[in-house]
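Below, in C-alpha cells: the form predicted on its own, a single chain.
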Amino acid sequence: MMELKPITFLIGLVFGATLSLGGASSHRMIINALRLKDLRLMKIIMTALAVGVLGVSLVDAAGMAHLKIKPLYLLGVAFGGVLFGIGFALAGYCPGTCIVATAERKKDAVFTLLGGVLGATTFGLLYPIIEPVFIKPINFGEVRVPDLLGVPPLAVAVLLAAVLLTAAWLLPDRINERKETTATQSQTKAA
C-alpha cells in the first residue's frame, strides 16, 4: 500500500499557500465576510468545499479512502456550532486560517491557535461529563445523505459541487458592487 503521509503534507502546504495567497488569513477579510460585506472568502470556501467533496468522493469511489462517518448527535452539533461561531466571530479566524496566519507570524492568530488547543484539550478532559448531556440524548448514529436518498455518494457529491461552484460564480465579490451596478443601470435607463 502506498504511503500517504508525504502527499497529505504536500496537499496541506498547497492548501495553506492557497489560503494565504487568496487573502483568507486576513483578519479584516474574515470579519468582512462574517458581516456579509466582502464575499470573496465565502467564494474561496465554497470552491474549496466543492473540490474537497468531489475529491474525497472520487477517492472513496475508487476504494482508496477509509471514511469513518461520525454519528449525528444534534445537541452536540448545535452547541458546538454555536460555540464555534462565537469563537470565529470574536477571534476573526477559523482553525485553517488561524494556522496559516500563525505561519505568517500574525500574533493575534497565535493566541487563537493556543485557545483552540486549550479548547480541544478541555473538551477531551470533560468528554465523560459532556457525553451524557450533549451526545447520547439525540444521537441518530452514522447518517449519510446518499443513504437517506438511496443514491450513490458520488452523485450527491457531483450535485453538491455543482451547486457550490455555481453559487461561488454567481456571488459578487462585494455586496456593494451589485447595488452600485443596479443603481448605475437604473440611472442609465432613466436618462
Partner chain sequence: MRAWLQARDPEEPIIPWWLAGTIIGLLLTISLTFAGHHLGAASEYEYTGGRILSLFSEAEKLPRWQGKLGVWWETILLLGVFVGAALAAWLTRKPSLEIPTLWREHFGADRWKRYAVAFLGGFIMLFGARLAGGCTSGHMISGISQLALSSFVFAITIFVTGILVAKWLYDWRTA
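Positions refer to the first chain, counted from 1. Note that the coordinates shown come from a computational prediction; the quantities given were computed from them, not determined experimentally.
Missing here is the form predicted together with the partner chain; even so, the following discussion is about that form.
At least one heavy atom of L148 is located within 4.5 Å of the partner chain in the predicted bound form.
Taking non-hydrogen atoms only, A162 never approaches the partner chain to within 4.5 angstroms in the predicted bound form. Using a 4.5 angstroms limit between non-hydrogen atoms, K136 is distant from the partner chain in the predicted bound form. In the predicted bound form, A61 stays away from the partner chain, with no heavy atom inside 4.5 Å. Contact residues in stretch 64 to 97 (any heavy atom within 4.5 Å of the partner chain, taken in the predicted bound form) are M64, A65, H66, L67, K68, I69, K70, P71, L72, Y73, L74, G76, V77, A78, F79, G80, G81, V82, L83, F84, G85, I86, G87, F88, A89, L90, A91, Y93, C94, P95, G96.
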